[in-house]
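Only one chain is given next, in structure tokens, and it is the form predicted on its own.
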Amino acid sequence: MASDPAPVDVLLVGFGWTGAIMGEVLTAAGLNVLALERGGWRDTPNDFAVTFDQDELRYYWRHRLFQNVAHETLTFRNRGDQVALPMRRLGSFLPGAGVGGGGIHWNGQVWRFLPSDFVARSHNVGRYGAAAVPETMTIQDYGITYAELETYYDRFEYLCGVSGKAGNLGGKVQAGGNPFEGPRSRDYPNPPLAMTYGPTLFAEAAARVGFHPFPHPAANMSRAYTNPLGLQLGPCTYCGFCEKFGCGNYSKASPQTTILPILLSRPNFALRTGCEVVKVELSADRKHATGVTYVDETGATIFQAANIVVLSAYILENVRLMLLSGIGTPYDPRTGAGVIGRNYAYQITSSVNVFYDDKLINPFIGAGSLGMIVDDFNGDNFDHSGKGFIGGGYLGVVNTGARPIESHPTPDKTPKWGSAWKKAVAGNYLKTVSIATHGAVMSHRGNYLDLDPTYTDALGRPMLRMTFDFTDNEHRMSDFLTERASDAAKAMGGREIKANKRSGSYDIVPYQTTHNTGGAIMGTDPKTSAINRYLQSWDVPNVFVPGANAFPQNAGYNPMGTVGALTYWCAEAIANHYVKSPGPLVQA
């Protein structure tokens, strides 16, 4: 094995949003930073040019931007008494690959979690009693509050040029925004996107039934914008190719458009692609990381020394690397002991379609976060007493662009194939509005991640094994959200509505969201969390693990806004505290 003779101050494992934010903050603080990315180089003019970017076959169906499951995948089962089998084709979620990671193909949906989301256990027990959180539900408080993160949410929003309308400035509710959000220090940097017909119809109907609609906060530019690093983004053209695609117009925030050009100009930053980290190496007493071992694109195995190791890959790989490296105790679902792999969670979705005879919706005109949202039933924004569940979610019409191969809503009783199906698709494509629900998933004792005892990857390492299913709590909550979406749908006055409830066990095959969370969670007790409030490993203090893996349970929102805020929080803790006095930032 080769060894790099030059240790670095900070080594980043993976280079998506978390790696880019970490790299920018830590190089600005004067540290030497090296990022290792297992995928290839990607940039806007060469990889996402408008002359070929709007290619549904290439980017979605043939998975050009996503993880290659022939090289790296995971195994899956719903319950611990089942045999897990490898996921041979990406489906339910789509981890990114290459520089920029999932920050390339995301929709740009930037949310702040509710203040109550950060204290999920204590808040729900305090309001509804201990019975609201059964023994098998393993939700926790984060160990950090919304108020502490507010300035970091703001920092990420201004980096990305988020388009939106504040609903709560300094504790004062603002007309036109989300009245349920936590207090913010200032408005979004850009006004909301111009709204199209479908979201407008929904907002009018939602208001009529007493809901409080507001524009979706979007990292899609409503106008030309220059971010705090001096990088320019252009106004969105509403092409409808955000979700699962890169943006050739520089209109969607990504690591490439908001950070990378500045970072690459700094002499204390380096990025190596085609380098897959296989293990974090530890000292003899296993209390200090000495660096990482990785395999480069030639197949050579190399040790890279580092003073600080940051696991900034996708949540599933962060958890797997901790398990493979022996950082922290693996979780045991039988006893509830251990922390690595604990509290894996996902999200639960449903939809309601409204079909018209007399309205042309033009659904192909869209953007990743173009929509109108209702937050009345998210988190604990409503009284859960007697409902048999905790948690919630938002509902709304988000017009991401009805790409023709992917989008073919049809009314009830339509055949699944044949001439009648084709006629229904053609007749309804331009006359359909879909109301989506996006719900939280609480963590449960039987939902977790570990290493598979049978299957290995292309390098001979155990695959990650996912054990997950929705519980009664999630199904009751999702049914409730679907009913509220149906209330709005009925008020929209269409020819008919079609409710698409979530039922049965979780299925890893159809796409749902790339919002996997947990597995290496933050908290205040090393017996029930893998990392402390600064996202620092309890067991190996010079290892930090930002990302959605830190969420003790999943909220009703898309995770990236909170991931960005937590990454800034973690990076500043490293730069301002850890570097000056290496060691645990929180005493166990």
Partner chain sequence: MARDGMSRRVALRLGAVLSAAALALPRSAFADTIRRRLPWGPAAADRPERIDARPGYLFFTDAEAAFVEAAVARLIPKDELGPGALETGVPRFIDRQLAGPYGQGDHFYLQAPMPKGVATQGWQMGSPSEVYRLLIPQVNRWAADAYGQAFAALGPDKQDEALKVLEKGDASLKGGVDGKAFFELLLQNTIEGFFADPIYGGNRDMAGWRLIGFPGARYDYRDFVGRHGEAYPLPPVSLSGRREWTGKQS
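Bear in mind that the values here come from a model prediction, so they are computed numbers and not experimental data. Numbering follows the first chain given and starts at 1.
The same protein has a further form, the form predicted together with the partner chain, not shown here; the description that follows concerns it.
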Next on the checklist: At 4.5 Å between heavy atoms, is Gly418 in contact with the partner chain in the model of the complex?
Outcome noted: yes
Next on the checklist: So in the model of the complex, is the partner chain close enough to Gly30 to count as touching (4.5 Å, heavy atoms)?
Outcome noted: no
Next on the checklist: When the contact criterion is heavy atoms within 4.5 Å, does Ala499 count as touching the partner chain in the model of the complex?
Outcome noted: no
Checklist entry - Taking 4.5 angstroms as the cut-off for heavy atoms, does Gly39 touch the partner chain in the model of the complex? => result yes
Next on the checklist: With the distance limit set at 4.5 angstroms and only heavy atoms considered, check whether Thr151, Asp154 and Ala306 all reach the partner chain in the model of the complex.
Outcome noted: no
Next on the checklist: Counting any heavy atom within 4.5 Å as contact, can you tell me which stretch out of 481-489, 130-138, 421-429, 311-319 lines the partner chain in the model of the complex?
Outcome noted: 421-429
Next on the checklist: Within 4.5 Å, heavy atoms only, which of Gly274, Pro411, Gly176, Pro191 is in contact with the partner chain in the model of the complex?
Outcome noted: Gly274
Item to check | in the model of the complex, the residue from Ala147, Leu264, Leu169, Leu229 that sits within 4.5 Å of the partner chain by heavy atoms | outcome: Leu264
Next on the checklist: With the partner left out here, which residues of 429-466 have a non-hydrogen atom within 4.5 Å of the partner chain in the model of the complex?
Outcome noted: Tyr429, Leu430, Thr454, Tyr455, Thr456, Ala458, Met463
